[in-house]
Structures are given as C-alpha cells and as structure tokens.
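Here you get one chain, nothing else, as structure tokens; it is the form predicted alone.
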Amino acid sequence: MDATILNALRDPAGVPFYPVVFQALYILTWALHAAFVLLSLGAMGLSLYGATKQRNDANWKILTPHLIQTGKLSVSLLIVLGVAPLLFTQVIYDPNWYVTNTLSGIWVFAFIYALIVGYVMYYWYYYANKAGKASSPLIGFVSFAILVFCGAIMHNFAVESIQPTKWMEWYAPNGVIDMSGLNFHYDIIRLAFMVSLAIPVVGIFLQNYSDFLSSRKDFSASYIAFTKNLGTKMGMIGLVISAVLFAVWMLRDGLLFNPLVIATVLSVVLLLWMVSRSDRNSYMTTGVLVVVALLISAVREYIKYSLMTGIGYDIYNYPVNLEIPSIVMFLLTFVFLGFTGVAFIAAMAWQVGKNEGLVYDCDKNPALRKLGFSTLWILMVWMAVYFAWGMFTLFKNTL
C-alpha cells in the first residue's frame, strides 16, 4: 500500500510539538493505563474464585471484598488514564485512528455502552457480595465477561490500526463497499499475552498488599503469610505463562532477537527472580514491574512504527508548528497540578490504609495537611490562569 493517501489525511495544521515527544508520552500513558486494566481484571477474576471460597475460609472472607474494592477503583483509574494514550496516538497516527473508527464504527459505540453496563454491574457485584448474597459470583462473572469484551474491542482497534495494507480489503471486500462498521479482527497470541499479564500483576499486588498490612495489628500473621504466599505463586506462574506467550509472539513477528525485545526478556527474568524472593521488599519488585510495563509498551510502539514506516508513513516527517503557549500550559498542568494532586491523593490513601481506626484525621499529620492545601491553591490558580488565558485568546482572535 502507498502511504500517499495516509500522508494526505494528516492534519494540515501539523503537530504542536516534536512527534518524538508525543510518541514517548504515548508509551508512558499506555503503560499506566494497561497497569490498571490488568490489575482490575486480575483482582476481579481472583475475587470470583474467592467468592466461592469465603464461606468456609476465613482468609478468603477478608481478601475477597478487598479484591473487589481494588478492581472497582482500578476500573475508574483505567478509564481516566485511557484517555491520554488515545489522544497521543490520534496526534501522530491520526489516519490510523480515523480509518479504524470507520471500519469498526459499531464497535466504537458498543464499547462505550458495554463499559457503562459492565461497570454498573461491577457495583452490583460489590454490593451483592457485601450483603452476602449467593447470587454475587454470577453477577460478578457477567460483569467480568463484559469488561473482558470491552478489552477485546480495544484489541480489535489496535490490530486494525497496524495493518493498513488490509484496510481496503476490509472496507471493500471483493470490490463491494461495506459500510456496516462491523469489522472485527484479532490476534489471538497477542491478546492472550496481554490478558495473561493480569496474573503476575495481581500476584505482585498481593505481595505489596501483604507488606502494606504487615505493620498493622488488626490483621493476623497467618493472613499476612497467606496473601504473601498466594501473591508469590501467582506472580511466578503468571510470569512464566506471559513470558512463553511473549516469546511466541516475538518469534512469529521475527523480533525475538531485537535489542528492545531482549531487554524486555531480561527484565522479565529479573522480575521473576525478585517475585520468587518473597522475603524481599515487594515495593522494589513493583518498581521493576513498572520498567517491564514501559518496555512492553515500547515494543508495541516499535511494531506499529516499523509497520508504518515500511509503507512510507513516518511520524517524524509530520509537519511541526510549534505552539509554545499550549505546550507551556500542558507542562505546567502536568508537572505542578498533576504531580502535586497525585502525591496528595496517594499520600492520603497510604495514611488511611495504615490507620487502624474507622476515622483518619488529616490534621494530625502537618506535612499531609500542608500538601492538601498546596494542591487546593495550585488548582485554584490553575483554573484562574486557564480561563484568563482562554478569554484572552478568544478575544484576540475575534476582535
């Protein structure tokens, strides 16, 4: 396929900054999004097993509602974090995104409604389990299936976006235009690998969970050991499964000996060793997991970039029209408001989790209280600057 049409579909205004920056941001934000996708799937999937065991097992009775809560919060975060990689890929791969939406228009709409239904049912599952109803595993399974279906739809978009040589065949099979928007394509090995990552992710989460609760006196030593052992087993088994599927995927695509892939494999081996050492601080293991997630995201982007340049579409040739004010606003928002806000929420969640009572008083922690007020002031200043800047730009361009 000739990339002439794809290059013509590019935004004539160009990109507001250098494409490599958007590419790096895409890799970063997709890794963050994927982390919570995998954690939500892993936590919910394990909670379904726990829901069948909690009546006769005291450990599962404690762990199951915690897993459900973890999955519920993770779905919220994956939805929020999922916006960024879509925006960044739309900036530098806009023809891919628009064509994919044309080929699978029905699934684009279906994704939104399925996500809403699946998430609402997740809350139903949460409250049903909290009330001890026997129907909760069934409700949870339906919600889990719908959310997995949502992931399969997004996988379809990813697969279609990297196969421009087949777009015309899919759009007009045998020369007949198909306007149904029902195109659905999948790569079973790639999908299986991505889903399998939920097992080691939730395993490492359980190791973190165990270490986090170890300083609290209201959880028994046997329960701490139970969750730590469970996390270690899941982490090790899951990493082996994921590593095999990843190797098969890379071997099929002829990338097994690519330097980036080799670095990913070595980091997974290191991660496997760290997970097996359950006596170590699991927070360091999570740090390595973050590196692995970034490398996997980079491999995905490398595959897309290589395929697109192979037909003559190079994101680095995208016209650049620097918009310094927009870039400054983005960086100030990302660094000051973003980092401060996330730091406050994370610190608050940490302290609440460490608190053994039902109520946590933030005023007793001067540093956290100061961070909270700083976040509030930064947010108010940001809102004032945002609207003032917007009004200035509006009247400057219209008067």
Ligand code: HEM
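These numbers were taken from a predicted model, which means no experiment stands behind them. Numbers follow the displayed sequence, beginning with 1.
Form predicted together with the named molecule: not shown, discussed below.
Do residue 85 and the named molecule come within 4.5 Å of each other in the predicted complex, heavy atoms counted?
Judged by the heavy-atom cut-off of 4.5 Å, residue 85 is in contact with the named molecule in the predicted complex.
Check residue 164 for me: does it contact the named molecule in the predicted complex (non-hydrogen atoms, 4.5 angstroms)?
No, residue 164 sits far enough from the named molecule in the predicted complex that none of its heavy atoms falls within 4.5 Å.
Tell me, yes or no, whether residue 79 is in contact with the named molecule in the predicted complex, where a contact means a heavy atom of each within 4.5 Å.
Yes, residue 79 is a contact residue.
Is residue 203 close enough to the named molecule in the predicted complex to count, meaning some heavy atom within 4.5 Å?
Output for residue 203 is no: heavy atoms all beyond 4.5 Å of the named molecule.
Go through 237, 142, 154, 265 and name the one with a heavy atom inside 4.5 Å of the named molecule in the predicted complex.
Among 237, 142, 154, 265, a heavy atom within 4.5 Å of the named molecule in the predicted complex occurs only for 154.
Just give me the single entry in 194, 213, 293, 128 that has a non-hydrogen atom within 4.5 angstroms of the named molecule in the predicted complex.
None of the others qualify; the residue that does is 194.
Tell me, please, which stretch of 280-288, 170-178, 144-152, 219-227 lies within 4.5 angstroms of the named molecule in the predicted complex when heavy atoms are compared?
After filtering at 4.5 Å, what remains is 144-152.
Is any part of 287-312 within 4.5 angstroms of the named molecule in the predicted complex by a non-hydrogen atom, and which residues would that be?
Contacts from 287-312: 300, 304.
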